[in-house]
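Shown next as structure tokens: one chain only, the form predicted alone.
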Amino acid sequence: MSVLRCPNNPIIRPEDVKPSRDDFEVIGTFNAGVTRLGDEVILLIRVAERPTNKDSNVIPIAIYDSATDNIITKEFSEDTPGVSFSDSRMIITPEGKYLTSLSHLRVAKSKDGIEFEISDTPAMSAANDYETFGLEDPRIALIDDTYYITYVAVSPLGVTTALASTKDFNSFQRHGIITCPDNKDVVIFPEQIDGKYYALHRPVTPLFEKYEMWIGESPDLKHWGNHHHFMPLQQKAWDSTKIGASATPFKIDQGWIEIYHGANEDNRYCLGAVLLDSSQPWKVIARTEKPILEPEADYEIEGFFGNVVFSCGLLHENEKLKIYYGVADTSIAYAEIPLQDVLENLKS
């Protein structure tokens, strides 16, 4: 597999993004949705922030409070009995779990796809009870003249997926929750198939610990049903414990190509590819046995949550996959992979 990483990687780092508040610091800029608007590449970046810590004896976190429509802060001491800090992404207490960062979505624009002008203010941030812990991992599907954005809404009520839309990435319309918890990694196919919209998604079944891919259909993008499980884990492989859709599918002569992510028992996240039938997208034609992109560079291995490459978007242009991907839950990197290389690694 020929992977050309940008020599400027990571192309967007936390220090490149202005905090939304003077008392916050940005700790992650990653997992961006990707599209084009006119002659510009648009990234919708997940920006993770936390309160600036002035006391080494406590860990402060931020939470959206819908009752006051404000972001409030809480502090936890590492010495408190029953409180666990074993996962850098969350604090586990007897009362419940809290995320160590609060995420929002931020727009960045570029003429060349490498040097980005990043907005100083959030495009979308927490605004209701389903977004108490923030907005995460947006995906973008351009349908006709409208960009539809699926994003993960996180709260004590569960992990759900919400839908928003925009025509210009200046103003955004929310359309509400489209999946029950716990369900994420939702990507919408960018055109109707036999008069229906389709989306890939990843529900969680805690009883059997299944993290596998499903597909659903909709008449209007807001109401989804007729769900089918269609893609399982691969045993003793790079994607043996979790899989989920990454980028919006794109169509080629042979069918739909979906770049998906997978993790193994060591929580090492890689990217793979699957070829789906063009008219029956729940049918898997072929799948890569090995990753097309895996954590190898230092910035992919070391970070807030290391050994992770995770994409929410790419551009399929000039027979190349131009992949924008999160590295170690910290920054955004860019790589190009020839489409032909991906096709040659697909196995029926």
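A quick note: this is a predicted structure, and the numbers were derived from the prediction, not measured. Residues carry their position along the shown sequence, with the first being 1.
One more form of this protein exists, namely the form predicted in complex with a further copy of the same chain; it is left out here, but the text below deals with it.
Which of 224-232, 113-121, 137-145, 76-84 sits within 4.5 Å of a further copy of the same chain in the predicted complex, heavy atom basis: That would be 224-232.
Non-hydrogen atom contact residue 205 with a further copy of the same chain in the predicted complex at 4.5 angstroms: Yes, residue 205 lies within 4.5 Å of a further copy of the same chain in the predicted complex.
Taking heavy atoms and a 4.5 Å cut-off, does residue 103 contact a further copy of the same chain in the predicted complex? Contact with a further copy of the same chain, no.
Hey, in the predicted complex, does residue 241 get a heavy atom within 4.5 angstroms of a further copy of the same chain? Although a further copy of the same chain is absent here, residue 241 would stay clear of it in the predicted complex, with no heavy atoms inside 4.5 Å.
If you check in the predicted complex, is residue 261 within 4.5 Å of a further copy of the same chain, heavy atoms only? No, residue 261 is distant from the partner.
At 4.5 angstroms, heavy atoms only, are 125, 245 and 275 all close to a further copy of the same chain in the predicted complex? Not a single residue of the candidate spot has a heavy atom within 4.5 Å of a further copy of the same chain in the predicted complex.
State the residue from 157, 237, 72, 252 whose non-hydrogen atoms include one within 4.5 Å of a further copy of the same chain in the predicted complex. Comparing distances to a further copy of the same chain in the predicted complex, the residue within 4.5 Å is 157.
Output the sequence-ordered list of residues from 205-219 with at least one heavy atom within 4.5 Å of a further copy of the same chain in the predicted complex. If the 4.5 Å heavy-atom criterion is applied to a further copy of the same chain in the predicted complex, 205-219 yields 205, 206, 207, 208, 209, 210, 212, 214, 217, 218, 219.
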